[in-house]
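Just the one chain here, laid out as structure tokens, in the form predicted alone.
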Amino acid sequence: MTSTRIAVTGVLGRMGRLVTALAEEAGCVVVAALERDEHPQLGQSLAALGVLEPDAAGAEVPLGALSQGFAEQGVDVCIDFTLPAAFTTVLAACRQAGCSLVSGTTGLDASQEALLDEAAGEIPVLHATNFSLGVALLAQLSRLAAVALDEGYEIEIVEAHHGRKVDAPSGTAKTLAQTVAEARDQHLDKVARHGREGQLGTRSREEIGVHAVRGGSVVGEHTVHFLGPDERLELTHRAASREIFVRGALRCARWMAGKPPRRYTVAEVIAPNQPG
């Protein structure tokens, strides 16, 4: 089977290094590797940078500047784990190259979300806050529970991550909150409650609580609580390694290559015949 030709942005970050290291076993080959324009090691090969072994596929690919893009490298899919500040440049590079985008960059603002929708008219786009199979199933189960359990069951979402994570709550927690809100025909911006302090009065039935915990080396943990009269249902996913997210992103990249332009979801990749 032909390897999927990928570009990796933020290649020297933790996620970028993992994507590059696991690409070959997932049926992908790195043909473009990019970092910020001012990076001091631009032009060095991935082997020289210690990202790949000298005999690995893609080892001689040089580190390129993000703003220069990768239109000449024949990229099928760009895998992006960067920061919101770089995301618009990444998206522009994908549109210029005419390749698919698989992005796990979180913390996008409304204008960047709008750019994703616009780009999906030209290229295949899959933006997800989490590429774990387990988290995709957690979202589906949470949707089912939100519908099956009436408003007498109140919903609270708690997430935990390491102390170096810069955004809160996590993108995954926001996605889960949006999922259960939509399942109950609610507008999340009207019912979300981010933390509690002081004399707030009693909790309203409509609230969806979203809470962030930070510290230690927690890779990622998300629990959706359904709290009813005399019983509580908890749906929890715990990540033990970042590799689950990278393997999921690579699986998505393989699947996305050659797809027609539109927005896709992880749920479509793991269960193509099920609704996203």
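All residue numbers refer to positions in the sequence shown, first residue = 1. Just so it is clear, the structure is predicted and the values come from calculations on it, not from any experiment.
The same protein also has a form predicted in complex with a small molecule, omitted here; what follows describes it.
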| property | result |
| --- | --- |
| Interface segment, criterion being heavy atoms within 4.5 Å of the small molecule in the predicted complex, picked from 48-56, 208-216, 229-237, 35-43 | 35-43 |
| Contact residue in the predicted complex, chosen from Ala86, Val191, Leu149, Leu115 - any heavy atom within 4.5 Å of the small molecule | Ala86 |
| Residue (of Leu12, Ala257, Ala267, Ala21) lying close to the small molecule in the predicted complex, criterion heavy atoms within 4.5 Å | Leu12 |
| Any non-hydrogen atom of Val29 within 4.5 angstroms of the small molecule in the predicted complex | no |
| Contact label in the predicted complex: Ser142 to the small molecule, heavy atom within 4.5 Å | no |
| Contact test in the predicted complex: Thr106 vs the small molecule, heavy atoms, 4.5 Å | yes |
| Distance check, Thr82 to the small molecule in the predicted complex, heavy atom within 4.5 Å | yes |
